[in-house]
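There is one chain below, alone, in structure tokens, taken in the form predicted on its own.
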Amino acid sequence: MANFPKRIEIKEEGPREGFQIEKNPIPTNRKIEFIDALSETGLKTIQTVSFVNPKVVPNMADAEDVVAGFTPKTGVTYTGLYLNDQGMARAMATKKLTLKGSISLCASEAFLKRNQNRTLEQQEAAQHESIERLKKNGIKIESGGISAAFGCNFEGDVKLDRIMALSKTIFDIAEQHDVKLKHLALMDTMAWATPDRIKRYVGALQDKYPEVEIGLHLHDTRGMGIANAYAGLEMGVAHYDSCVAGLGGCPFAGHAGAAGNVCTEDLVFMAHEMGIETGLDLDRLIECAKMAEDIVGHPLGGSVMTGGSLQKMRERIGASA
């Protein structure tokens, strides 16, 4: 029996994950314009940039300038991604972003080597160091995450027992440092998830950790993004990462068609039609999606941005009746 949540929270990652994979340079002023537009949609959390090596991810070379340029809106949390000490120092130096800590592991060593140049053992050891560094700087650690949680383009399927073992490691690490985790995210980094696997993996984690809120970070490379989100809704999952217009993708996924996170406005449209609250303005999200397509200069994968909302259609039909 479905356990639909009454409300969901969506973290928008378009400015960071969406733009990082684009081959052509994106002007700083357009990034700022995009973030400011997203701020007017009702979103409560927007991931703006990543503080990474610009030689590896050229479109994030202007991270500090982007953060300096956007206009913060009251009630909106702006975050940035960082993977090491140097990145965290850069994020803190902006004095404009909300820094949040996470205990992060990966289900695929091959992907981890490409993404962070670490082994699984090194990644686990780094979490201990990271926690102490975060605590020293007064940064809260309330979340855990597993990347490549359903499968990997280099190693294949990730079995459920692997995810359960990794989740135990995450909570063991947290306990060793007297950290209480409230959230655990499964990240379908390379789009191997299907609705059935979403239900089985989420269900197993809910049974094991009933007090922890499960979140999903979904990609749409194989067209399963919105179906997987629906499966998450059936399981009561209320936390999602997404990108307007279906922006996004990981540059280290090793797949030419890797671009495309689950689309924010499509997810919001589905939730609203199901009577699930989001607190978001669908019309403004559609405007942002069209802006994103203009910024990157090529078609993007969102559906509602072209099909429109049914509410607009209902109003038009009602006016002509």
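Fair warning: this is a prediction, and the values are worked out from it, not measured in the lab. One-based numbering along the sequence shown.
FYI, the form predicted together with a further copy of the same chain isn't displayed, but the following is about it.
Residue heavy atoms within 4.5 Å of a further copy of the same chain in the model of the complex occur in exactly one stretch of 88 to 96, 152 to 160, 240 to 248, 126 to 134, and that stretch is 152 to 160. The listed set I26, M270, A37, V57 contains one residue whose heavy atoms approach a further copy of the same chain in the model of the complex to within 4.5 Å, identified as M270.
This chain is drawn without a further copy of the same chain; in the model of the complex, the residue among M224, L184, M187, L105 with a heavy atom within 4.5 Å of it is M224.
Taking the partner from elsewhere, no residue among T77, Q176 and D178 has a non-hydrogen atom within 4.5 angstroms of a further copy of the same chain in the model of the complex.
None of the heavy atoms of R7 is located within 4.5 Å of a further copy of the same chain in the model of the complex. Though the partner is left out of this view, W192 does reach within 4.5 Å of a further copy of the same chain in the model of the complex, counting heavy atoms only. Though the partner is left out of this view, I21 does not reach within 4.5 Å of a further copy of the same chain in the model of the complex, counting heavy atoms only. With a 4.5 Å cutoff on heavy atoms, M274 counts as touching a further copy of the same chain in the model of the complex. The partner is not shown here, but in the model of the complex the stretch 304 to 320 reaches within 4.5 angstroms of a further copy of the same chain through a heavy atom at V304, T306, G307, G308, S309, L310, M313, R314, I317, A319, S320.
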